[in-house]
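Coming up is one lone chain in structure tokens, specifically the form predicted alone.
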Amino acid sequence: MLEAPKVFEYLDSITHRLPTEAVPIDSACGRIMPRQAFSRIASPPFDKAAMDGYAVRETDRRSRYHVVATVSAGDRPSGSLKEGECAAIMTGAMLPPGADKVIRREYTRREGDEVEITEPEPLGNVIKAGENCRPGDPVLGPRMLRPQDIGVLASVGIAELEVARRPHAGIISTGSELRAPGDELGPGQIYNSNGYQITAQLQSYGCTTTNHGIVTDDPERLAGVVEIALRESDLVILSGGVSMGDFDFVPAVLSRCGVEVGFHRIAFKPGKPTLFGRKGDTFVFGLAGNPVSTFVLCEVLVRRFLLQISGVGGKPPTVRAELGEEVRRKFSDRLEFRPAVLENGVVRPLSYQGSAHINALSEANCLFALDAGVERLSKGMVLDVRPI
């Protein structure tokens, strides 16, 4: 059984990278940018007013000015300001030549073309050219692009950028007891939730997906579907059939299909039977069939793996929160993840009866961890929790 730190170390050591493709900036949100982006311009490209007011020469300190121009955002001022002159200016507008200070409007009183200063202006209220960045400066590091990142890229003139190609994932649900939602259930049968849950998770991580459906406990049928998924996918995820029961055929079938196993059985709870392997540039996760286990392992391991091959690496972000109540457990030999609710900086564990208790996930908005060897977390402890 591979200890949790070694599992993370193994995934983080994978050097395979997805190819990149150029996309327009208005299609880039949610995509992974694997390399730094650099500014094409100085930002801002000119000295500009930080607020509405009157542009003056900082050295020309007086109580009254003569208004010689009005400058709106987008205007190009023509004449240079002389002693005793000012220009009415709007937020974001270019300062006239010679001006290097803006007196905010609420500190003035205007009559016709004359402006009286009613209160001293302590600030310059000017954003200098290049204050945010200069041409060639790095503006964003590798990341999954968010709406605010798109705004930054657009502000420095980037119209198109290189992003990692979306990984394609094939999902296979194993087990003769499974039926598709909507079908009639017979004795001993259950609905296949894993296939749909995993598909939704992978799509939320930016993958394109093919759900290969349910495969019964038949090694020949399973091998046929696995071969198809391996040919078509960057990542194949199987749920069920990875443990040590009489009908757990997945490890043997994967070996037969040419998949080289990197690890099998890990010190995680839930998810002990987890398998990870590779055939060429296609990777495989075999996850236990319990639905909470599949959800947690997708979030904790599969998502991390996808970030790695997309070129950004590292674990998804966590937030600091105070534990709202004591947590105890009997067995502490494995790293364990539990569902919880995070609200107002306090994390409250949900009632949770194990890895088949899928309903607990619908109420959860985060996971928290108990490290191997930890039997008790005290109320009031500050934890790193993972939003989900």
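Not measured: the values here are computed from a predicted model. Counting begins at 1, following the sequence as shown.
This next part talks about the form predicted in complex with ligand AMP, which is not shown.
Residue contact check for Tyr107: none of its heavy atoms lie within 4.5 Å of ligand AMP in the predicted complex. Shown alone here, Gly286 lies farther than 4.5 Å from ligand AMP in the predicted complex, counting heavy atoms only. In the predicted complex, no heavy atom of Phe263 sits within 4.5 Å of ligand AMP.
Taking the partner from the other structure, ligand AMP in the predicted complex has no heavy atom within 4.5 Å of any heavy atom of Leu185. Contact with ligand AMP in the predicted complex, judged by any heavy atom within 4.5 Å, is made by just one of Gly170, Gly241, Pro96, Pro270: Gly241. Residue Ile190 is the only one of Ala159, Ala200, Ala252, Ile190 with a heavy atom lying within 4.5 Å of ligand AMP in the predicted complex. In summary, the region of this chain contacting ligand AMP in the predicted complex, judged by heavy atoms within 4.5 Å and restricted to 277-285, 192-200, 146-154, 310-318, corresponds to 192-200.
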